[in-house]
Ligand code: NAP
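Have a look below at one chain only, the form predicted alone, in structure tokens format.
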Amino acid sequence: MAEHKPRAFVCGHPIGHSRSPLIHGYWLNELGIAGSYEPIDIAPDDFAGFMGGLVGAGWAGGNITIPHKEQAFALAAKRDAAAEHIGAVNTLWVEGRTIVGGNTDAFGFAANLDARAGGWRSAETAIVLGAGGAARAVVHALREAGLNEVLVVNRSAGRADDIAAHFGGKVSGRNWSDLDSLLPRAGLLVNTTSLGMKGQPDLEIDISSLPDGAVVSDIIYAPLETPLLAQARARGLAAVDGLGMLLHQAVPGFERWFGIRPVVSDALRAYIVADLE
């Protein structure tokens, strides 16, 4: 009888930019697992058919990236708590013949901060820049971590208010024009916008009024050193790039598909950094 080799994928449109095959391929090789992880480019109109055929095609599951995360959320037969709160699915797995959707972005964000800025959970107030899907994942992580106050700051105040209304409690939406007055009270500043990403305009803010000891995080990983993080390092603040979030968010999916929990090591990080460069 042929040996069963678990198969997983990353699905998006386009998909050539994804580093997920490198990450999961590294772990498969490191752990000696006879399995595969494949990139698949699926146009939005074809995604429902692809997802409906997962069980019959023998997939153990896979990762979902732009632009399919909301569609995967709608199509999954079951969803984990993180996906329900965030409103998007980035990880699928099969239980019996049921397709389950989860979201590991919040886990990845928190695990990255735990590894690179251990005291971040003691912050009283966090400022989250941006109000897209990534911001929702970060806000969920901050709520789970028990921070006292989360301020979502966005140029379109209505979108920030929508996130605040969705999460409730200690989350509030603020105008971008209020940012300078808010920075002095923030123990954690997180950029979830695309500003500062390669090919995008810089994030033009002055963080000199952040308290000493504040943590600055940018979920961007290309480039690793964004202008925001350079400012933070110049001030002697903890500066956390987005590559660790990408690496840590991959851990739960790999464990579900291949049965072993991998480790985010310095060697893995160096391997992906070399590819980015």
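Each residue number is its position in the shown sequence, starting from 1. On a predicted model such as this, the values are computed, not experimentally measured, just so you know.
We do not show the form predicted together with this ligand, though everything after this point is about it.
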- Task: Answer with one of Thr125, Gln71, Ser194, Ser172: the residue that has a non-hydrogen atom within 4.5 Å of this ligand in the predicted complex.
- Result: Ser194
- Task: Find the only residue in Ala134, Ala82, Leu113, Leu151 having a heavy atom within 4.5 Å of this ligand in the predicted complex.
- Result: Ala134
- Query: Looking in the predicted complex, is this ligand within 4.5 Å of a heavy atom from each of Arg143, Leu228 and Ala239?
  - Reply: no
- Message: Please identify, from 178 to 186, 113 to 121, 153 to 161, 73 to 81, the stretch that has a heavy atom within 4.5 Å of this ligand in the predicted complex.
- Response: 153 to 161
- Task: Tell me, yes or no, whether Gly101 is in contact with this ligand in the predicted complex, where a contact means a heavy atom of each within 4.5 Å.
- Result: no
- Could you tell me if Leu54 has a non-hydrogen atom within 4.5 Å of this ligand in the predicted complex? no
- Query: Does Leu246 make contact with this ligand in the predicted complex, using a 4.5 Å heavy atom cut-off?
  - Reply: yes
- Using heavy atoms and a 4.5 Å limit, would one call Ile64 a contact residue for this ligand in the predicted complex? no
